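Below, in structure tokens: the form predicted on its own, a single chain.
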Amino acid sequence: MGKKIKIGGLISGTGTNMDAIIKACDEGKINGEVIFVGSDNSDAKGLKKAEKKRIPTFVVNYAEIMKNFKHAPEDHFFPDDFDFEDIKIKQSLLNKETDILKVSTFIETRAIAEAALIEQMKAYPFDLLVLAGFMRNLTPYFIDRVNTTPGKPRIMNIHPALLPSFPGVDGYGDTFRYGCKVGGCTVHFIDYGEDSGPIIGQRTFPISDKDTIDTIKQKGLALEYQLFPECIQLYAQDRLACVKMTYTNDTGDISQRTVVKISQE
């Protein structure tokens, strides 16, 4: 089967997707092992679950960092390699019309928190980082320090909707409120935008008139627990490649997109 990959996980809550990944590793469905679980929330129930399996855990308290920065920004120190303008140019989480103070605060507080995350992760060299219900957007500061090989992203996320529809925190709720006839989930690599990275895999389920938000979530989660481990196993098998595709339409206009190609075993 080859060498097992080392998987790090970030969560914010119950960590049920993290559970599914750990279970898949234990059962040999993923040729890998989870070597740490980190969180932005000290009350995340998923941390306790990981600890019971003797997986190292840590917390970087985003809320506390942001609160303290708001009250005394002069008391905070940015990482030595922090480049505000570089991050500002690269990020696409906030648009150009966003208030400059909001942009500055967002980038600066995230850089402080992300530097702390990186410092914690140094103790656990990993091959793949999975966001299993991690409810914080990552900035280019963090992404560039994890994705160190061009064309080889190694941050994978699960999203509760069929991207590119309904990015953000409430994918199943948005799917329900829009009146969709089909819902689903998506696994993708992280890029500088919000849930906009290249798609690895998707699963769908039908939505009937009798469905509620709760039943939609139940259907979606059942698929998530299957899809995420499957995509991680593809990564472990070195079968995923990000490729830039160029297209020319009937009028001669040229467009590009990045797709994830899955090679045969």
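Don't overthink the numbering: it's just position in the shown sequence, from 1. Keep in mind that what you see is a predicted model, and the values were worked out from it rather than measured.
A second form of this protein, the form predicted in complex with ligand GAR, is not displayed here; the remarks below concern that form.
Stretch 127 to 135 is the contacting one of 127 to 135, 107 to 115, 175 to 183, 74 to 82, since its residues have non-hydrogen atoms within 4.5 Å of ligand GAR in the predicted complex.
Site annotation in the predicted complex: the residue of Ile55, Leu234, Val59, Leu221 reaching within 4.5 Å of ligand GAR with a heavy atom is Leu221.
Using a 4.5 angstroms limit between non-hydrogen atoms, Pro153 is distant from ligand GAR in the predicted complex. Ligand GAR in the predicted complex comes within 4.5 Å of a heavy atom belonging to Gly168. Contact annotation: Ile87 falls outside 4.5 Å of ligand GAR in the predicted complex, judged by heavy atom distances. Interface residue remark: Gly15 is counted as part of the site for ligand GAR in the predicted complex, having a heavy atom within 4.5 Å. Residues from 243 to 265 do not approach ligand GAR in the predicted complex: none has a non-hydrogen atom within 4.5 Å of it.
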